[in-house]
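Form predicted alone, single chain, as C-alpha coordinates, below.
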Amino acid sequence: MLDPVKISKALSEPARYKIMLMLVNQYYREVSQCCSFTTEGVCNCEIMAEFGMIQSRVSYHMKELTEAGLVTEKPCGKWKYYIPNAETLKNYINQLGVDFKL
(Lines give C-alpha, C1' and ligand atoms only; values in the text may rest on other atoms or scores of the structure.)
Protein backbone atom coordinates (compact mmCIF):
# COMPACT_ATOMS: atom_id res chain seq x y z
CA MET A 1 0.00 0.00 0.00
CA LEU A 2 1.23 3.47 -0.86
CA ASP A 3 2.42 5.46 2.16
CA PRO A 4 2.92 9.07 0.99
CA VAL A 5 4.31 10.16 4.36
CA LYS A 6 6.97 7.44 4.33
CA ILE A 7 7.90 8.28 0.74
CA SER A 8 8.05 12.01 1.53
CA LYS A 9 10.27 11.28 4.52
CA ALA A 10 12.59 9.14 2.39
CA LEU A 11 12.86 11.84 -0.28
CA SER A 12 13.27 14.68 2.23
CA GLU A 13 16.92 13.70 2.81
CA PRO A 14 18.90 15.57 0.11
CA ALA A 15 21.30 12.69 -0.55
CA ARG A 16 18.43 10.23 -1.10
CA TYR A 17 16.64 12.69 -3.37
CA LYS A 18 19.79 13.03 -5.49
CA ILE A 19 20.31 9.26 -5.51
CA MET A 20 16.72 8.79 -6.67
CA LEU A 21 17.27 11.30 -9.49
CA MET A 22 20.42 9.43 -10.50
CA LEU A 23 18.60 6.09 -10.48
CA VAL A 24 15.74 7.35 -12.62
CA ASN A 25 18.05 9.09 -15.10
CA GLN A 26 20.56 6.23 -15.39
CA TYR A 27 18.10 3.35 -15.34
CA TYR A 28 16.67 4.33 -18.70
CA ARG A 29 20.05 4.24 -20.40
CA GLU A 30 21.71 1.02 -21.59
CA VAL A 31 22.13 -2.01 -19.34
CA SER A 32 24.79 -1.57 -16.65
CA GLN A 33 28.11 -3.30 -17.22
CA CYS A 34 29.72 -2.82 -13.87
CA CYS A 35 31.65 -5.05 -11.48
CA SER A 36 32.08 -7.87 -14.04
CA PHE A 37 28.30 -8.29 -14.42
CA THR A 38 25.89 -7.16 -17.09
CA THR A 39 22.52 -6.59 -15.50
CA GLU A 40 19.55 -4.30 -15.23
CA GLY A 41 19.74 -1.42 -12.75
CA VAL A 42 22.33 0.85 -11.20
CA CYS A 43 25.10 -0.79 -9.17
CA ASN A 44 25.77 0.43 -5.65
CA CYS A 45 29.41 0.97 -6.66
CA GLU A 46 28.18 3.53 -9.23
CA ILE A 47 26.29 5.37 -6.48
CA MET A 48 29.40 5.26 -4.25
CA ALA A 49 31.51 6.76 -7.04
CA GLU A 50 28.96 9.41 -8.03
CA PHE A 51 28.44 10.74 -4.51
CA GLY A 52 31.77 9.91 -2.87
CA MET A 53 30.05 7.79 -0.22
CA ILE A 54 31.33 4.71 1.52
CA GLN A 55 29.43 1.47 0.99
CA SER A 56 27.73 1.49 4.40
CA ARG A 57 26.31 5.00 3.81
CA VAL A 58 24.97 3.98 0.38
CA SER A 59 23.43 0.86 1.94
CA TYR A 60 21.71 2.97 4.59
CA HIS A 61 20.20 5.36 2.05
CA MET A 62 19.17 2.54 -0.27
CA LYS A 63 17.47 0.71 2.61
CA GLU A 64 15.34 3.81 3.25
CA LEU A 65 14.41 4.15 -0.42
CA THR A 66 13.67 0.43 -0.71
CA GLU A 67 11.50 0.37 2.42
CA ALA A 68 9.54 3.35 1.07
CA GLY A 69 8.83 1.32 -2.07
CA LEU A 70 10.68 3.70 -4.37
CA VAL A 71 13.39 1.23 -5.36
CA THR A 72 13.75 -2.50 -5.81
CA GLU A 73 17.10 -4.18 -5.33
CA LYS A 74 18.63 -7.04 -7.22
CA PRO A 75 21.63 -8.84 -5.64
CA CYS A 76 24.34 -9.89 -8.08
CA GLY A 77 27.46 -11.37 -6.52
CA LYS A 78 28.72 -9.10 -3.78
CA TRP A 79 27.00 -6.08 -5.34
CA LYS A 80 23.41 -4.89 -5.44
CA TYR A 81 21.71 -3.26 -8.38
CA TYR A 82 18.87 -0.82 -7.84
CA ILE A 83 15.88 -0.28 -10.08
CA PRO A 84 13.52 2.69 -9.60
CA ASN A 85 9.91 1.69 -9.03
CA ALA A 86 8.18 3.88 -11.62
CA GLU A 87 4.72 2.72 -10.59
CA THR A 88 5.23 3.82 -6.98
CA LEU A 89 6.62 7.17 -8.13
CA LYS A 90 3.62 7.78 -10.38
CA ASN A 91 1.16 6.73 -7.68
CA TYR A 92 2.91 8.96 -5.15
CA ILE A 93 2.71 11.98 -7.45
CA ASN A 94 -0.97 11.26 -8.18
CA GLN A 95 -1.72 10.86 -4.46
CA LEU A 96 -0.12 14.23 -3.70
CA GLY A 97 -2.41 15.78 -6.31
CA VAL A 98 -5.44 14.21 -4.66
CA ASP A 99 -4.34 15.07 -1.11
CA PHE A 100 -3.59 18.68 -1.93
CA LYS A 101 -6.50 19.04 -4.37
CA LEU A 102 -4.33 20.00 -7.33
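Note that residue numbering begins at 1 and tracks the sequence as displayed. Everything quoted here is computed from the prediction, not taken from an experiment.
The following text describes the form predicted in complex with another copy of the chain, which does not appear among the structures shown.
- Although the partner is absent here, residue 24 sits close enough that one of its heavy atoms falls within 4.5 Å of another copy of the chain in the predicted complex.
- For the chain shown alone, residue 89 is a contact residue for another copy of the chain in the predicted complex, at least one non-hydrogen atom being within 4.5 angstroms.
- Using a 4.5 angstroms limit between non-hydrogen atoms, residue 83 is distant from another copy of the chain in the predicted complex.
- When contacts are judged by a 4.5 Å heavy atom cut-off, residue 78 does not count as touching another copy of the chain in the predicted complex.
- Annotation for 73 to 102: interface residues with another copy of the chain in the predicted complex are 86, 89, 90, 92, 93, 96, 97, 99, 100, 101, 102 [heavy atom within 4.5 Å].
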